[in-house]
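Just the one chain here, the form predicted on its own, laid out as structure tokens.
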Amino acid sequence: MSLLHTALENKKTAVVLGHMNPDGDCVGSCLAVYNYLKDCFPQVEVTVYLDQPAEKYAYLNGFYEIRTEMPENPEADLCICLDSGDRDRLGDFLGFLDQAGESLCVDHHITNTGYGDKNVVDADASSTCEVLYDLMEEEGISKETAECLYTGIIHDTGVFQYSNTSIKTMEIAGKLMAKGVDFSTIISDSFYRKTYVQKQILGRALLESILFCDGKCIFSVLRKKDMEFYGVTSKDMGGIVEQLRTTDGVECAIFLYEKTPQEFKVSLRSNKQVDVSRVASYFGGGGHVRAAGCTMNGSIHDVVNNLSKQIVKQLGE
């Protein structure tokens, strides 16, 4: 019996949480657990709490059941935390973790702090959805649950092109496809399709990008005034850092967007040499070897200069 099934024994209520600004793996893993519990543990009342996810994930069953506001009394028999490397990443819903009778953390971030009562963390897995697949009974995975798991996997692997894609990842994806998921539509609509304004800010970020470290690194930034001009939010930033990473000759890409004056959300990506999780961890963030992030304060020059010092150390190793 998996740790997920063990944790659900004798439970009447469960809440499912993910990290702030949820991405595809976060939304997919949370709704995968939601659907799986609905199907296999109907005696457990399950609720998902997340920051409002992007509308492009609305095809996932249970999307419109996601609650986005913290209740006055955050109580549950079991708190399931997914795709969040530390407790602070749970944001406004952290109170559930402290008040729940028991907590289970399932994740794949190498920087995970093991903050749950029980933890299942596999840093070799492509995604939290891949970890979840091993915690679920094959016969209990419905088409709806499979769509959620498949969504998380394709988003965290860049549709199977990133280095975190393994033979096991592909085998699991094949088994999920066998459940009848419309994989081509999921990939096209949730990963590649962008709005017109998202294309505009991508173009702006690429146009104003700067190479440094003899062309081995690249960075770009969107200031708050630029975001306000285009009418975009953090949910529209997806994919920009990946486009920077694919620049010929680049090993490490940095993308910043301004949250408040001189406070920047930092996204880091690398190809083969730089462990960006080490860089992000140095500045209080976390993530994976090839994909990580953090929040930093200061001028754009100071932020990029401080990041580059840590990156250059690894380029010289």
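Remember, predicted model here, so these are calculated numbers, not experimental data. For every residue, the number given is its place in the sequence shown, counted from 1.
From this point on, the text means the form predicted in complex with a small molecule, which you will not see here.
**Student:** Please run the contact check for Gly62 against the small molecule in the predicted bound form: heavy atoms, 4.5 angstroms, yes or no?
**Tutor:** No - in the predicted bound form, heavy atoms of Gly62 and the small molecule never come within 4.5 Å of each other.
**Student:** Should Ala14 be counted as a contact of the small molecule in the predicted bound form, where contact means heavy atoms within 4.5 Å?
**Tutor:** Residue-level check for Ala14: no, no contact with the small molecule.
**Student:** Against the small molecule in the predicted bound form, would Asp86 count as a contact residue? Criterion: heavy atoms within 4.5 Å.
**Tutor:** It does: once the small molecule is placed as it appears in the predicted bound form, Asp86 has a heavy atom within 4.5 Å of it.
**Student:** Heavy atoms within 4.5 Å of the small molecule in the predicted bound form: does Ala292 have any?
**Tutor:** Yes.
**Student:** Go through Lys38, Arg278, Lys56, Lys265 and name the one with a heavy atom inside 4.5 Å of the small molecule in the predicted bound form.
**Tutor:** Exactly one listed residue reaches within 4.5 Å, namely Lys265.
**Student:** So if I measure heavy atom distances to the small molecule in the predicted bound form, which of the stretches 65-73, 283-291, 28-36, 41-49 falls within 4.5 Å?
**Tutor:** Of the options given, it is 283-291.
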